[in-house]
Structure formats: structure tokens, C-alpha cells
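Form predicted on its own, single chain, as C-alpha cells, below.
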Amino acid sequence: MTNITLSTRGATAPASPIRALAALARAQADAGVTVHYLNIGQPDVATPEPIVQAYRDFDDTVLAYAPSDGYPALRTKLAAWYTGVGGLSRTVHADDIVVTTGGSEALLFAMTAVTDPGDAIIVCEPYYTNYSGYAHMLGIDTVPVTSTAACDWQVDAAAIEAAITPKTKAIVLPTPGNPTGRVLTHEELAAITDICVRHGLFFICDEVYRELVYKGPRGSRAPSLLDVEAADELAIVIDSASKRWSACGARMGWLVTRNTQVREASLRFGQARLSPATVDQYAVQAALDIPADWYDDMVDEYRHRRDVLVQALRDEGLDVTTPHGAFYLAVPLPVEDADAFCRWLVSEFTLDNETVCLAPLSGFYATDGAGRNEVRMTYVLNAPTLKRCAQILGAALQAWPAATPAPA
């Protein structure tokens, strides 16, 4: 048995920087410390009642497999939702949709469908960590194009084009962005699409936070790649129930593409895992009937939370860029090693028996050393708690140099 070893892929798989401190946080909580979790995008906004009721109402005598690409009724209703409440100007058809186990599986199917081992994808760092996690699983390279707070996390189309090599097969970008909150305009999506057309690349666009935008009139949504006509053959959109309806535990996502070959490949991957969850699909069908004003109220709440947290952090002397979408902040801290600071914060520091769990941002970069002094914070908790978290963080930063002297 001593000769049995993991694969190199398994042994070198990166740990999630989002959940890396979970064990330390649990130990503190078990010891009676109140831990405020700002490391993970788990909203405390109540899941809408129609979703919860759909679970209560399920009464089939057999909990059976669903079709591998999802129930036709759900895909049909999703397609209509996109041009209704979803606000798209161009039609989506039921056959353009593959229902998946969360948006993460949709992302995995998309990346697997368009790359082979040794290929590369381009990402804009800092980026959602599953992009590189799945790239590692698939044996492909993650090539970063860096954005910065100084440029309001702008995605530079020229820099993206300069990063293309013969190995590049796809560009993977979120809008609104995780962890920066950057929202791409229709013009920016069109410019990146033009690059993809000229170089024969796929454009995988992660749109799971599309409702969560804070500019424009009520009811505004982030522009969608599905509304860029030139992208029809190269666009793969990732979507999910998790953040839109505060239903992370439902594990319901879907992939949308007008490229028949990509959809057929994704369906074959779906057949290998048999089917997405059955009951959860009924819950998503119920969610699609939620009226438009519910989304408006949700966005108002997150906008308020964002404003409270940004101001509270500035009151503590931190230089914070106001995000335009999603519910994340990328925050530079006056420390040399944010990973070490976050570990100390959640395991050793308390203020009146409270502490905060954050996500070090270095794991959201592919460039060595980038993001070393940055953290990601989520504004998924209520406004008074967020203000308190900023106070705890400020006190911790004051205590940190004394607790951990800088190396000589």
C-alpha cells in the first residue's frame, strides 16, 4: 500500500482561497467566538417564498432521474424568462440551454467542451478562483491579464488580444465581476467578441450576478453577451440560481449557447453524470414567476449594504474602490501578507469576542506575488453587521504590527 500515490493533478490541486480559513473559523466559533463570515458569497437575504413552497409541494411517489439537459418545461420557461424579466433584446430558445448542477458545473462543461490538455484560457485577474481550479483539473493553462483598482478594475481589450497565443482557445470573464464588481458595457463585450472572432476563440461569459448592478434606473441589468449578435457561434453564458434568488444550496445552474456543437458536447458531459437534481428544477421553475419588483428590492438592499461597508472601511482609513455590481469588495490592506493577517485575524484576534473571516485575494491571481496585500470581502450580511465588521477589521489592523513584528 505504501506505493500507492495520488496523481500529480490530485496532489497539486489548489485549495480554495475562499474556504481556506473555514477550519480556523469553525474552531473559533466552537470556542464561543462570534465569527462574521465575509469570505464567502452566501447571502442572508431570505430565499423567495415561491422557491421554498415548491420544495414543500413536491409529492411525486418516486424521486426519479431528470433528463440530462434538464426538464423541457424548465428550459422553455428559462428561455422565455430571458426576454421577459431577464430583459434581453434577442431571443433565447429552450434548445440553447443545458441545465447543470450549479453554475460551477456549467463552467466546467463549457471549459471542457472547448479546450484540450495543453491549451490555454485567458482570464482577467483578479478572477473567480474556480476558473483556475477547473483549468488545473483539465490540464490547461490560465493566462492572466491584470486589472487594478487604480483603473477601476477596467478590462483592457488590447491587453487581452496581446495575451493570445496559438494555445489560446477561450476567454473567460465574469460580468458583473467576482471579486471586483466590474460591470462590462455592451461596447466592451462587443470589442472582446471582435477579438474572439478574429482569432477563432470562444468567449465564456459568467453572468450569474447580472441583476446586481448599481448604476442606472431601477430594473437595470448588466449587458449580456447573449445580446451581442456577432457572438452567436462563440458565446457560452454561465448562469445560476444561487445568487439571483439567494438559493445557493439548490445547486441549480445552466449553460446557454447558440452553438449547437458546444451544446451537444455539454449534453454528453451531462449524460455522464446522469441528470441535474430533480426537485430543485421545480424550485427554479417557481422562481421564474417572481415579479420584477422583487429583484429591484433585492438590488436596493445590496446597494445599501455596499454603501455602508465602503464608507465604514473608509472611516477605518482604508482606500476602497466602490464596486458597480455583484456583492464583493477587493480591499488593499496596510499589511505585507494578507494571508497571514487573515489567518491571525480569524484564529487569534477578537474584539469583544467577535472576529471576521475574510478571503485573501492572492489566490484570485495567476501572477506570482499579485494581490499579496489584498482581501476579498462580501457584503452579504445586514448593514449593521457589516459596519461592525469594518470596526473589527480596523482594530485588528491596529493590533497586527504588535502581534506579528515585521521580519528584520
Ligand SMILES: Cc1ncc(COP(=O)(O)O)c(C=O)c1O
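A residue's number is simply how far along the shown sequence it sits, counting from 1. Because the structure is a prediction, the values reported are computed rather than measured.
The protein also exists as the form predicted together with the ligand; that form is not presented, and the subsequent description refers to it.
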- Does the ligand come within 4.5 Å of a heavy atom in each of Y128, P174 and Y328 in the predicted bound form? yes
- Item | Residue (of I160, L74, L107, L226) lying close to the ligand in the predicted bound form, criterion heavy atoms within 4.5 Å | L107
- Picking from D280, D96, E211, D206, the single residue whose non-hydrogen atoms come within 4.5 angstroms of the ligand in the predicted bound form is D206
- Note on the structure: With a 4.5 Å heavy atom cut-off to the ligand in the predicted bound form, the contacting stretch among 111 to 119, 174 to 182, 196 to 204, 266 to 274 is 174 to 182
- Item | 4.5 Å heavy atom contact, P323 to the ligand in the predicted bound form | no
- Query: Is R251 one of the residues lying within 4.5 Å of the ligand in the predicted bound form, judged by heavy atom distances?
  - Reply: yes
- Query: Should S246 be counted as a contact of the ligand in the predicted bound form, where contact means heavy atoms within 4.5 Å?
  - Reply: no
- Hey, in the predicted bound form, is S242 touching the ligand, heavy atoms inside 4.5 Å? yes
